[in-house]
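Next up is one chain by itself, shown in structure tokens, the form predicted on its own.
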């Protein structure tokens, strides 16, 4: 009887956990943003269609998602971002391990990375166009340069935080540089590496889209600037929402990957 009476309370507790305080605050923030947006659209304070109504944006979102050509442009952008993150992330990981493991290299090179890191990477785009042309290569290079800096600095800092006992254990087994990197350094730095890639993903997304808006005839950045040129604001906002959802989803996958590694470890 006690178990029967206690079952609803446990179910209620689980239901309350699903919509806990954090979830409720998030829902309230989204609702407030929607209400403020709709109020701004109805206020007449802005030029017509600069801030379209939520209904107009929702209709444009449906039209965009129903357009088959949109998915081709989306796949182009996603492939460019994935390639940029793979290239920039791999370079950042390798160079970060080298910098973190060598005091000489760290003092000689790392200050320049800190100076170049905050520099807007779009200034390199004309050079990238000359090197890789106006095709996907220059967009991938732009994204790779953008995500390289947060990843390399994150890995270099994490290398200096690895417990010395782990390094000595690897050395006692006479592990070479490759084995030390794969079996000691990277497992010990998995959380900083994941965090660096999460930050790098967002910056690679920005860099790739900026490159697509400047000189391209494909990709989501091209569609966004095209909608802006035609003053189709609902369509432009709809594509921005899709990109926002993609960024959240990709970031969540990386975060879950980090938690899964931590659980397995």
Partner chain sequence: MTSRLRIDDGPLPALMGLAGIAALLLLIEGLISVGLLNPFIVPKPSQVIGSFYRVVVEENVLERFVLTIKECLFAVALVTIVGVSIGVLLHRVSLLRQATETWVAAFASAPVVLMYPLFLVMFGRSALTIVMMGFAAGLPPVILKTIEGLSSTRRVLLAVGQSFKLTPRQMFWKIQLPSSLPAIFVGLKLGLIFALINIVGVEFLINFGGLGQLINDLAERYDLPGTYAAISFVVVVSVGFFMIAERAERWLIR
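Treat the numbers as computed from the prediction; the structure is a model and nothing was measured. Numbering follows the first chain given and starts at 1. In this text, rigid core is short for the largest set of C-alphas that superpose within 1.5 Å between two forms.
Omitted here: the form predicted in complex with its partner chain. The next part is about that form.
Contact check for residue 255: every heavy atom lies farther than 4.5 Å from its partner chain in the model of the complex. Taking the partner from elsewhere, residue 125 is found to have a heavy atom lying within 4.5 Å of its partner chain in the model of the complex.
Taking the partner from elsewhere, residue 163 is found to have every heavy atom lying beyond 4.5 Å of its partner chain in the model of the complex. Contact between residue 41 and its partner chain in the model of the complex is not found at the 4.5 Å heavy atom cutoff. Partner proximity in the model of the complex, defined as non-hydrogen atoms within 4.5 angstroms of its partner chain, places exactly one of 113-121, 154-162, 172-180, 69-77 at the interface: 113-121.
Contact with its partner chain in the model of the complex, judged by any heavy atom within 4.5 Å, is made by just one of 186, 86, 94, 131: 131. Think of it this way: in the model of the complex, its partner chain has a heavy atom of just one of 34, 65, 55, 240 within 4.5 Å, and the residue is 240. Looking at 200-222, the residues that come within 4.5 Å of its partner chain in the model of the complex, counting any heavy atom, are 205, 206, 209, 210, 213, 214.
In a rigid-core overlay of the protein, residue 66 has its C-alpha displaced by under 2 Å between this form and the one not shown. Superposed on the core, the two forms differ at residue 40: its CA moves 2 Å or more between this form and the one not shown.
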